[in-house]
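To begin, one chain is listed below as structure tokens, in the form predicted alone.
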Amino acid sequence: MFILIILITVFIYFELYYLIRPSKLGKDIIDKYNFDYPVLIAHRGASYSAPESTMPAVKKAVESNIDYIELDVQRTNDGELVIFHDDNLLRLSNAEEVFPDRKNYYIRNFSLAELKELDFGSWFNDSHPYRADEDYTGLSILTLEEVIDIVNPDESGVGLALELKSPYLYPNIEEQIIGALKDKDLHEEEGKEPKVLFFSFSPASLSTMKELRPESPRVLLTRRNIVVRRQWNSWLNIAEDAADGLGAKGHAVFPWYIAAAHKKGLFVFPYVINTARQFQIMSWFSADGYVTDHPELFGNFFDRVRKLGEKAEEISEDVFSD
């Protein structure tokens, strides 16, 4: 019993210590990668105010002065890289109407031409009538090539956080993504903020990216809302080999967990952080960046001003001229 009391006392002491005095190492870790601090990431674009992963969501994210736009990359059955989150098309398109016999099929079972037949915006107007916009009707799926043309980090100052979605379904997709970046001459520059980040739940996929493009930081994503210390330490050990940081569910990111990551030289980006209260709490906990559906809140919360590049100003022209 005495030993148990000592263990409980030690546990409470260290947890309270980091609650009162969160880790201050994050800024130095972030500086090593030439990131702005904290790093601000739009989840599937501005996905609260526009249909996720579509042109309007991407443009609105650029307008919000964000650092990166997080987008999921998958592959069609004819080998094209497309931006889409779900495994199948039911939730985010009208596939049930256009392809009723294939409505439950994975996106990898469709060609790019077939996907281009679908409407990826009207669902948003139906689900969120108070945020609806007639311009969202008939939106097309985006290819990775199209996204790079819209948000070229060299011109916009906004980077791409590319999540390798279910990479086990797409053999050699890592090489294909790297090839697409090379085709667009999208290379990292020493001493400057990274233009591309790679996110994945797959350590193996991140390890491949480390071999193919080590200069672009990698983020290991975690799924659990409730985490015990042993599980967190296991993720840290995996991330040490394959990644530069963790993308953890916000409910699991306590200050003592962030401190443990910092001690291993890893940054922590909680997701998905969507309210000012969450921002305040995570900021107190010393999170190093934030993934959100509400990128427009970031500029207000952190009172940051970014000089937009020529391409971003062009994208934002209509908004800024109002």
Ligand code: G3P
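Position 1 is the first residue in the sequence shown; the rest follow in order. Worth saying up front: this structure is predicted, and the values here are computed from it rather than measured.
Not pictured, yet referred to below: the form predicted together with the ligand.
For the options Ile107, Val147, Val82, Leu221, the residue carrying a heavy atom within 4.5 angstroms of the ligand in the model of the complex is Leu221. None of Asp72, Glu188, Glu240, Glu114 but one reaches within 4.5 angstroms of the ligand in the model of the complex through a heavy atom, and that residue is Asp72. Stretch-level contact analysis of 149-157, 167-175, 194-202, 224-232 against the ligand in the model of the complex, using heavy atoms and a 4.5 Å limit, identifies 194-202. Although the partner is absent here, Val291 lies within 4.5 Å of the ligand in the model of the complex, judged by heavy atoms.
With a 4.5 Å cutoff on heavy atoms, Asp244 does not count as touching the ligand in the model of the complex; it lies far away. When contacts are judged by a 4.5 Å heavy atom cut-off, Tyr271 counts as touching the ligand in the model of the complex.
With a 4.5 Å cutoff on heavy atoms, Lys59 does not count as touching the ligand in the model of the complex; it lies far away. Taking the ligand as positioned in the model of the complex, the residues of 31-70 that bring a heavy atom within 4.5 Å of it are, in sequence order, His43, Arg44, Glu70.
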